[in-house]
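Below sits a lone chain in structure tokens, taken as the form predicted on its own.
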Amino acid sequence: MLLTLTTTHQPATDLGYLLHKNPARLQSVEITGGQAHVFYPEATAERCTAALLLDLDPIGLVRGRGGAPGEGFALEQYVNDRPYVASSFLSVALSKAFGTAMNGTCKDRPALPAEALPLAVTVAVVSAPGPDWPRRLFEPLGYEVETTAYPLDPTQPAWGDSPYYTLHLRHDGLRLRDVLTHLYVLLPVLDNDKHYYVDQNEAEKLLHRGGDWLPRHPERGFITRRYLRYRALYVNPALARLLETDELPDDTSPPGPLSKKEGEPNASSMTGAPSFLERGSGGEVPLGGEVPTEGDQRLSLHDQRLQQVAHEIYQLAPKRVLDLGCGEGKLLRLLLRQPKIEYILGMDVSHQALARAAQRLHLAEMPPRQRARLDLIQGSLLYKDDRLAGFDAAALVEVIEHLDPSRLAALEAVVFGHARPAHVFVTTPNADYNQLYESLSAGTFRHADHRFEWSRAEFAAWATAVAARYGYQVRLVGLGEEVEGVGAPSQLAVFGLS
């Protein structure tokens, strides 16, 4: 079983410092059932590849285990795919060989683990429940995914392909520790087996290794169940804890004077007319009224952003609207209730998020006229897409902070240069406000997937520069209740063509 990691980061031999493995010599570690060997097929300043070769002894794997009588065939313990397929054995090998790198530590170059590197990964071979599953697990994390299938028998094409694939992953900019962690969790999920007993420690391991990205992964349920081998005793609490962390401080009422006071009613028990976020699809939409403020405890900060953007769009009375990074369709639902909008296009990189949006919007049950107003497409904001041209307005609600700063120029060219809608609405957290969150230590972000969070001055500088480059005017708006000295919890830039 072979896994390779390749980078063209300059100098590429920094990979050796990150992995704590000298490119000049072979290094080996013992694992259950065999050995893992680390070596470098290439190591130059321009390109460096580290290889992890897992050498398992099929006899050693089963020695002393004694199978149950009557189960399988006589040599089943000895004739299997374990020595050749990426599995929990490989996860253990990754942890033992690259544990320091996985933890983000580099004694010789302390700043290096935080750098986003161009990385390519090849794993030969993975087993998977279907040809689309490697893509469904890795694409939401930003990877380009390719698989090469193996036929059941090359001499019998009609038999079709086996469940085995060579997996190729590519990412233009990601921390090495993140790549190793993704592989550590997801490879045994694809394999759907563990060579050791699954207990509470394994659940804690999943929460530790997946805590930064698993709560927002569209397949978190699938991943959790297979990683914990369907043991409900551990699966259900783990999923509950993942869901608890899905909404971090950025999506809740902040502490201090804006927090719900003790004894105050919950949103569901408050009297008075509900906001249009809470109404059914047949309700009136009071979009011409005042947008609720941060002090209105019926709405989370996330919903208030959506309210504000929907209100801004309503005032423009556009006919064609884009929701870029539409997720599970909350803003789409609000836009559908604006009768003057003739067509809405929602786009997201995750096809699972799009599937949930279609389900939550009851797309299949919509009346024909309403259904004709909405389309959902999968796509990336980093590549020119002709489907995005010809719109009056586009919304990017809490999208830009999930991109590496080096990739913002590509997004700007796609949205403001190529698609060029008449109006663009961009929201992002206000980093000045973070000091009011007791749960955030200095320098940390509101969500683990955020690549940056800008102060008001930084956001203003970016928005002004984008407007100047692409011929827009820009207006900046605070979202939520203003606090003296730090501003509002979120910020909105409203771009309009000059």
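One-based numbering along the sequence shown. Since the structure is predicted, the reported quantities are computational estimates derived from the model, not experimental observations.
The protein also exists as the form predicted in complex with S-adenosyl-L-homocysteine; that form is not presented, and the subsequent description refers to it.
Checking A357, L306, A120, V123 against S-adenosyl-L-homocysteine in the predicted bound form, a heavy atom within 4.5 Å turns up for just one residue: L306. Contact with S-adenosyl-L-homocysteine in the predicted bound form, defined as a heavy atom within 4.5 Å, holds for exactly one of K205, H402, R371, K319, namely H402. Although the partner is absent from this view, T147 stays clear of S-adenosyl-L-homocysteine in the predicted bound form, with no non-hydrogen atom inside 4.5 angstroms. Contact check for G325: a non-hydrogen atom falls within 4.5 Å of S-adenosyl-L-homocysteine in the predicted bound form. At the 4.5 Å threshold, heavy atoms of A422 stay clear of S-adenosyl-L-homocysteine in the predicted bound form, well away from it.
Put simply, L335 is far from S-adenosyl-L-homocysteine in the predicted bound form: not one heavy atom of it is within 4.5 Å. Contact annotation: S-adenosyl-L-homocysteine lies within 4.5 Å of heavy atoms from the stretch 381-389 in the predicted bound form, the single such stretch among 88-96, 336-344, 381-389, 362-370.
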